[in-house]
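Heads up, what comes next is one protein chain in two forms, each shown on its own as structure tokens, labelled structure 1 and structure 2.
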Structure 1
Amino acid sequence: MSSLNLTIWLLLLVFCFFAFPACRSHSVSSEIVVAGSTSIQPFADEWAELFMSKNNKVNINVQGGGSSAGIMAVKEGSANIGMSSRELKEDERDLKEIIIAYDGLAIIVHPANPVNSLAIDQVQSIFAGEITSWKMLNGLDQNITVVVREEGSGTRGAFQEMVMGPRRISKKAIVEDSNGVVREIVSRDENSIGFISLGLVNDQVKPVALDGVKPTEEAIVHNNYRLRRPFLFLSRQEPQGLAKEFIDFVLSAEIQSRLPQEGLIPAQKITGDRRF
């Protein structure tokens, strides 16, 4: 008798387990897909979470895949909003773009390193493996330890595009899989150099000036510091309905005012021509 009871309860439980999500998804009135850059994805996840907690009955589905995949997805219509952490190329300009934030890229060295400033092409030569000693840069007579991110990472992609151009990053470079580990290694090795998101620079490492310009928020806002990338939301037409509501939410003071704590620069801070 009791085992029959137990069976009924179990069946009920299983039924609820399957039925509940089904009921929920029926009650959602609308859904949008946001897809693209893995650099923006963690932020977008957070924003979507907040947005959904304020508006029930909507569902915002955030997916990664990378900037190029996001641009393709929004062109083809499989995503309502595309996310890109790089500038659009000429043939992609037919999309509507909304800048939601800016991110800077810092070239970091150990605080004890006497080198304070580098030219962009010097940085390029260091990461290509041509300049191998700090002595060639008026530093100590030590070999340079180059630390980079792994293939596929958005930060590496941005660095490749903004600094390296068509040149390859040296095979001899040490490869780590997060901004945090790159920073950790640079903070411990006096001869190392690496690149990380500007928001993650702390006092354990020293960001070098590029062509004499230090990577401060102000220099980025005025576009004096070259390594800056926009975080873009893209759509095929003028956004409407839920997509528009979500974009407006991300651009609202509530979200934008939190960005500096997370290492990003709010979109409104930078006006006028943002291209370089």
Structure 2
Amino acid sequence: MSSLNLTIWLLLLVFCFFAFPACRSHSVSSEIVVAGSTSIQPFADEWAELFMSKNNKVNINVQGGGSSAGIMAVKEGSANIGMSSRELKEDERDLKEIIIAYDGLAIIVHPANPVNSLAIDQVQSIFAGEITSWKMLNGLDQNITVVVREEGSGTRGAFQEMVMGPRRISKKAIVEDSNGVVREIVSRDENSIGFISLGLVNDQVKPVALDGVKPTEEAIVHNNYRLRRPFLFLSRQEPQGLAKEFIDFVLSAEIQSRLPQEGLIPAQKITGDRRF
């Protein structure tokens, strides 16, 4: 083969590679972006991996950013599916919402903290910066370190709505951008308190009972534990194509049956339907 023909052949091969995905033996034929709540993100990462293991020519790109960011990404079209760990606000209800699971919001302390239960008004006063010592709660004579999520977080939005109401969180609180970081800080500081998704609670931290009720699946299902919130997938229109396939997969018995092991409540266990 002459050098000219070889050059032409190589140019054609390169053109084929970039212009026609079918030329690539391991090409990705479809991709969707799922973005939003950092509470849902670690679960969505796992679901995406399982989905892609069964469909090796698709890519599910899962991103965080918080619930508000996910809602905006869907509205702007930069994400196919948004993730929200709070109820939608009135001006967001033009989006299609699908409940994929329910979650409890856990108030967490260090395992060494002797305080095991708090009243809702005590939690309000702690996070408002009015109760500043564990001694005021029959605990140790130590100052309380308050750790919270950032503004725009679905976890913070749910906490503000369900716990604080019109009261504001203290500006002295440590602000972090993920549940994982909040959990890490509380696990290292015996005098700290925070709030995270119940599904992310592990043995590094201790969830306290609220008004005497522990955050368990049974208490959440029967609405005895008051801090219950939906995990939502969002889309601008009726889900179609790969987005619908992924949502259907998350709502399938295969995934929903795994949720209790991960600290979440299957959607149908509370709603009785899929909200399509």
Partner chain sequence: MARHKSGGDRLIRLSLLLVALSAISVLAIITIFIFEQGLPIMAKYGLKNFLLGQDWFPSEQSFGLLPMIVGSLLVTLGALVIGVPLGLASAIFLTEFSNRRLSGFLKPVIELLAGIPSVVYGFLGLMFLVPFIRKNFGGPGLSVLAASIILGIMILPTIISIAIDAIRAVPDSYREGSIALGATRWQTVRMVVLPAARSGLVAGIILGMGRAIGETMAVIMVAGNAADLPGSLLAPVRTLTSNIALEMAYASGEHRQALFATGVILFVIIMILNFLANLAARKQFRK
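All values derive from a computational prediction rather than experimental measurement. All residue numbers here follow the sequence of structure 1, with the first residue given the number 1.
Between the two chain copies, the one drawn from the form predicted together with its partner chain is structure 1. Considering the motion between structure 1 and structure 2, the entry in Ala243, Leu210, Asp103, Phe127 that lies on the hinge linking the two rigid parts is Asp103. Superposing C-alpha atoms between structure 1 and structure 2 reveals a rigid-body rotation of the smaller part against the larger of 28 degrees.
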